[in-house]
Structures are given as structure tokens and as C-alpha cells.
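Just one chain is shown here, as C-alpha cells, and it is the form predicted on its own.
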Amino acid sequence: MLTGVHVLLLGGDARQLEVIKKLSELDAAITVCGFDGLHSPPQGAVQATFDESLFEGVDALLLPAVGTDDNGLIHTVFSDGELKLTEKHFTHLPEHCVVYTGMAKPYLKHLCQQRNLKLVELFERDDVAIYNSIPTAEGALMMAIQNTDITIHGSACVVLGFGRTGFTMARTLQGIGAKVKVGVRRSEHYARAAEMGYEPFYTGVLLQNASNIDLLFNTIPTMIITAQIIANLPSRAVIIDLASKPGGTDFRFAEKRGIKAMLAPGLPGIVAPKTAGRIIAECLGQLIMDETIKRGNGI
């Protein structure tokens, strides 16, 4: 249980509602900002005005999937007001406070480093990333269906990257009858892809494997689908880039060539916010509980 633990939750989207629900069940004291657009405060939480005093006595600071932008602004779906984190806010946080977010930009990392506060990026965790790969793959499949005039069954698909998201994406496509090639960079991934019945190739020879495909899914967050690759794609091809912004595709050249190319990060929060919220909530509940136990034991 989290009785006596004070949690401050700032901004976010529908996923945060599931987090609030879970932490409330664990008996945490929850204060929220950035939810004033709702008819009533989320059950189990107290809605407060954003000011420096809010940060006093906080044991856990919870931020959205992308903690802040490069200027400290926090994304809020349920409010028209602006939430901006500054160094002054962080001076009011206790030394033991832990900051949780999906992924942190340099601005937030700097704030935490200045105060020597522990920062936890949930999307860097294998468990969260693997669970999140399920709604990501489903969302990508939905986009593929909406943007093609063929069935996915029998289509020629390429998945770039065989990490946590690429693995699930390839398996999902194979499960509905697509012909799946997987572009990998590591020999063990090549072996695993072959064992699972995909056609593996190394990303260094992507050009030779892009000439006759219908769908290209990218999970690699570096520029890999270059103008040279796009020039070799058939005009019917659709690119769905699942990597974090700015993705790994030359979108300017794709548009010039008339190739459909879409950057689609954050799909779990778009296509399945309830499920994505539960994934985050379960992880957060356990992490905060572990920190509370450590603090109680003087570790």
C-alpha cells in the first residue's frame, strides 16, 4: 500500500486517468494539475492550482509520456492552461522525491541533475516497452489497413528493427498472413528472425530489399529510410514510421516522390489509452512502493 505517500501528477492524457485510479486504490495521496477541463476532478485525486508550494513534501512527481518539451512545457489534454516546469519548482521538491515520466528530454534531465533527483524513464524499461508494443502493433496495423487498397494478408511487408516493437510488429503481420521480411543489425536477431519464419536481411542491404514491397514499418530511431531507399520503392508502397520523433524516414523526399509516409509515435496512447494507462499504472504502483520500502529501511 502507498498510505502516506504524496504523489503530484502534472498534465498528460487519458492514460493518466488509469494511473490515478491505480494509485488511489493503493491509498496514495494524489494531487493533480492540468485536469481542470474535466467536469469533476479524477476520482481519488485533489485538483490544485499550479504553483511552487505544490511541490513541497512530494514523494513522487509524475509527468506525461514525454515529460516536458525543450522549454519545460508539459503536455495537457484536459486543460487549456499552461504548465511549465522551472528550476524554481524543483527547489521545493524533497531530496528523496523521484521523478517519473515516459521519456525525458534534456530539459527535464537537467532539472533533475541540478537537484540530484532520481529520474525514471518508464519507456526505457523492457517490461513497459514490451507491453506497449502490443497496442503499437495494433495501431500500425490499423494505419496500414486505412492507407492501402489491398489486404494485409498476402502483402509484402518489411519491418526494420527486431527489438521490442519490431518483434511484436513482425509477429502480428505474420499472424494475419503477410509475407514478412525483417531488417536487422545484429547476428542474433538475424538468427531469431529466421527461426521464427521471417526472411531476415541486414539493414546495410536495405536498398536491395525495398524494390517490391507494399508496406514498410520502421522502428529504428535513426535516418535509415533515406532518399535513395525511397527512390527504389514502388509507388504503391506505404511507410509507417514507429520510431520516436523525428523518426527514421526522409519524409520530405517521400512526399516529393508521392510515397505515403507517416510518422506514428505514441500509438498506445492514441489507439488504446485505457490499456496503455494500465500498463503504466501497474509499473508505477510497484516502483513507488519499492521506493517507499527502501526509504523506510534507510536504503
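Only a predicted model underlies this, so the values are computations on that prediction, with no experimental measurement involved. Don't overthink the numbering: it's just position in the shown sequence, from 1.
What comes next is about the form predicted together with another copy of the chain, which is not displayed.
- Against another copy of the chain in the predicted complex, the set Pro135, Glu138 and Pro273 is in full contact: each member has a heavy atom within 4.5 Å.
- Among heavy atoms of Ile176, some come within 4.5 Å of another copy of the chain in the predicted complex.
- The shortest heavy atom separation between Ile145 and another copy of the chain in the predicted complex is within 4.5 Å.
- Interface membership of His92, defined by any non-hydrogen atom within 4.5 Å of another copy of the chain in the predicted complex, is ruled out.
- Shown alone here, Thr172 lies within 4.5 Å of another copy of the chain in the predicted complex, counting heavy atoms only.
- Note on the partner interface in the predicted complex: the residue among Ile152, Met103, Leu117, Ala227 having a heavy atom within 4.5 angstroms of another copy of the chain is Ile152.
- Residue heavy atoms within 4.5 Å of another copy of the chain in the predicted complex occur in exactly one stretch of 265 to 273, 35 to 43, 57 to 65, 240 to 248, and that stretch is 265 to 273.
- Contacts of stretch 192 to 224 with another copy of the chain in the predicted complex, defined by any heavy atom lying within 4.5 Å, are made by none of its residues.
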